[in-house]
Ligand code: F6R
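Consider the single chain below, provided in structure tokens and representing the form predicted on its own.
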Amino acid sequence: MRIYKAKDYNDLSRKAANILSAQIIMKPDAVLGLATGSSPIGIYKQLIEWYQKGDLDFSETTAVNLDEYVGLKKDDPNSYAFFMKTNLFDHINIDRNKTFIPDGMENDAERECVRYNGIIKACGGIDMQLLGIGCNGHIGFNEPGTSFDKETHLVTLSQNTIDANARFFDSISVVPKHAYSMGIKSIMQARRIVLVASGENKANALYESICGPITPQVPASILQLHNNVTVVADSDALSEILKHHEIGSGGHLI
């Protein structure tokens, strides 16, 4: 596990974007697992800038997103389909037929999960998976206590996650209570994983994930067992790790 210390969010975004862009340059038909939320916005802005300068070409790239809220249409401003469209896909030359997001309007959870697992397999698996981390250690929408052997599944969101995401909605009462998410097994099958974390509110979760025991109660802790993980975090997010001068499972701070 390589851990890169960034000066601030902008530096974090550039460093992580560099890693993703290198993947695309080295393998133009790469399958990228993409994340939503506030953490990757700066990364996507940087990738767009490099595309507009002619430094990146997404024409052969495939994008497979981590998750989607249940009950939101694709054109709902709070859906992750809308997020990806406005924050990345509208601004690059990616083939929309090669962008995949769970269907939040599918009421048959089993059918949707089987369909999405099939998409990942048909793509040949994920070359590089981008992750954020929740304050409770979740990755994707895999909440504490989620079995490590799950693939795409229907998630009941924890109150912690609902509270954290309420800032994106008009009121907490309209925040969806369920989502479709790639499971831990799906994430761990990616050939490379890049996890980004920014802010002091992520410090405890990052410390427990990297330095603590591997347990379903801290879903991101499973990343200690992956053989190719890069963490990019700013000083605030790394504060607990730096305070304890401790990095577990052979991690290396750069």
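From a predicted model like this one, the values you see are computed outputs, not experimental measurements. Quick note: we count residues from 1 along the sequence shown, nothing fancier.
What follows is about the form predicted in complex with the named molecule, which we do not show.
Select, from the options 221-229, 50-58, 205-213, 65-73, the stretch whose residues sit within 4.5 angstroms of the named molecule in the model of the complex by heavy atom distance.
Single hit among the candidates: 65-73.
May I ask whether 31, 33 and 124 all come within 4.5 angstroms of the named molecule in the model of the complex, judged by heavy atoms?
No.
With the partner left out of view, is residue 133 within 4.5 angstroms of the named molecule in the model of the complex by any non-hydrogen atom?
Result yes; residue 133 sits at the interface with the named molecule in the model of the complex.
Is residue 199 a contact residue for the named molecule in the model of the complex, using a 4.5 Å heavy atom cut-off?
Taking the distances in the model of the complex, the answer for residue 199 is no, it never comes within 4.5 Å of the named molecule.
Is there a non-hydrogen atom of residue 39 within 4.5 angstroms of a non-hydrogen atom of the named molecule in the model of the complex?
Result yes; residue 39 sits at the interface with the named molecule in the model of the complex.
So, in the model of the complex, is residue 141 in contact with the named molecule at a 4.5 angstroms heavy atom limit?
Because a heavy atom of residue 141 falls inside 4.5 Å of the named molecule in the model of the complex, the answer is yes.
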